[in-house]
Each structure stands twice: as C-alpha cells, then as structure tokens.
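Presented below, as structure tokens, is a lone chain in the form predicted alone.
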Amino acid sequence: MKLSEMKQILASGQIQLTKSLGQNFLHDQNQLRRIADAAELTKTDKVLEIGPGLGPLTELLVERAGEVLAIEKDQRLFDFLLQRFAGSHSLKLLHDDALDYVRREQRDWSDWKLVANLPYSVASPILVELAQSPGCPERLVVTLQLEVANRIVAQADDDDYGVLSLLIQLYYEPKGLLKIPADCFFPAPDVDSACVVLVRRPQPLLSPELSVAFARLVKLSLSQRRKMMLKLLKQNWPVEKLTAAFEQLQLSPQIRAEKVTLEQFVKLTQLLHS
C-alpha cells in the first residue's frame, strides 16, 4: 500500500483516525520490507500481528508466512481489513483489544512469531505479557517508540536500563534495532521509532516459579533508582541472607540496581529462594 492510497482511504471519510489509539500507519515500503526480512519468515511460520491498521505489513506477512492472526481493536479498520483481504485463506482477523486477548486466552505461542507495528500506548505491557506467558513466541519483531526500544535492549549501567530491560531479556536476546524516521508514518508521530528484533533464549534462565520471584526482585530493586539496592531489598528478605548472597556474587553493599547485570539478578534470585 502506497502513501497515496493510504491518504485516499483516510480522506474518503470511511475511516477517521483516533488519537487515543495511537494510529500512525507505517507506509514506507523499504521499512516494511526490512521488518518482514528481520522476521525471517517461511511458509511454515505462524505469525501474530497486533494493530494491523490498514494492512501494509499484513500484506507482506500473508505473502511470506503460512498463517497470520491479526488483531485489530478499531471496528472501522477491522471492517476495512475484512474487505481488503477477503480472498486470503491464510489470514484470520480478530476484532479485539490485543492486550485483553493475550491476557485472557493464555494460549501457547511457542511456535509463533510476533511481527507488528505495536500501538505505542500498550506496547510495553503487551510485550511483557507475551514474554511471561507459558509458551512465549520464538521471535518478536516489533516497531515501538525509539525510547521504549532503547529501554528493551539496554544493558546494565546504561541510562535506559531498567525493569523493562530485565523482564524482556530474561526470556529474549536482543538481535537488532532498526531506527525508523517519523516521516515514514502517516500521520507522522511526534516521536522517533525503531523496530526491535528479539529472539527467544534456547534455554530458560529460570524456572517459571523463580521467574515470578525474579520479577518481584527486579521491581523492588529498581523502585527507587537512587537508593542502594540492599536497603530496598531488606523490606522483603532477612539482612543475613541478603548479605551472604551479595558477598557470594561480589556485589558491593552500596551498589544501585541499575549497575547489576541480568545474570547477577538471575543468580541473586536463585540464592534468595534456595
């Protein structure tokens, strides 16, 4: 779908954009191909797309994958997509709130790939929800605000490193970040964007039970970034156990959580729950 077609559809009055849904449609064909290429799709792949909009990325996904499930919240866009892809047998369209759907369904996504230009307002919770699901997708190729993308791929001691970095990277390894200029969207958003490529880890770093404990530990440790991590954790664990764990990991009692690596958080979780 070219920009001229997109403008014509929107100008016809058939569809009016809703600002609260963050409807900025990616139209640049080169960027769309880069996203599809990053997904490394074959005809055996099953793809989840969230927020297909007018369907420019959907078109590429249907061409390359064996099965596509696209979830669209806006009724007008959903109706448009039903007409546009009426002849496609490999595409299933759902009219639903994607965040509600992934929370409600609790399905096994382990043999799926998520490829989407995510609605910016709900991108982070959707990614965390899918990452923490019992069977998380094997690959995530998602377009987000550049600020959020930087937080997802950040490493310890980076300015953007935080809870989101750790909750996603517990399950996924960042494999790339493709910046996308604002003028590649219509209408152009007020922020820059990026496509992040994340590949599921071959082996889980923690069991499901300890993954829940990891999330609690990380959120408490980073709840007040300027405070020493040890002081924050004393709210939930005996000081003797914390001191022994910090010594074993060679963590300074004065260290702040933003300097603690994913691997150290994983080991600390194991030590505190042994």
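Small disclaimer: the values here were computed from a predicted structure and weren't measured. For every residue, the number given is its place in the sequence shown, counted from 1.
The discussion below concerns the form predicted in complex with a small molecule, not included here.
Tell me, yes or no, whether residue 26 is in contact with the small molecule in the model of the complex, where a contact means a heavy atom of each within 4.5 Å.
-> Heavy-atom contact with the small molecule at 4.5 Å: present for residue 26.
Tell me, yes or no, whether residue 119 is in contact with the small molecule in the model of the complex, where a contact means a heavy atom of each within 4.5 Å.
-> The answer is yes: residue 119 has a heavy atom within 4.5 Å of the small molecule.
Give a yes or no for residue 73: in the model of the complex, does one of its heavy atoms lie within 4.5 Å of a heavy atom belonging to the small molecule?
-> Residue-level check for residue 73: yes, a contact with the small molecule.
Quick one: is residue 180 in contact with the small molecule in the model of the complex, heavy atoms, 4.5 Å cut-off?
-> Answer no; every heavy atom of residue 180 is more than 4.5 Å from the small molecule in the model of the complex.
Where, among 212 to 220, 49 to 57, 36 to 44, 235 to 243, do residues come within 4.5 Å of the small molecule in the model of the complex by heavy atom distance?
-> Comparing against the small molecule in the model of the complex, the contact stretch is 49 to 57.
Considering 160, 97, 129, 138, which brings a non-hydrogen atom within 4.5 Å of the small molecule in the model of the complex?
-> Filtering the options by heavy-atom distance leaves 97.
Residue (of 102, 77, 166, 194) lying close to the small molecule in the model of the complex, criterion heavy atoms within 4.5 Å = It is 77.
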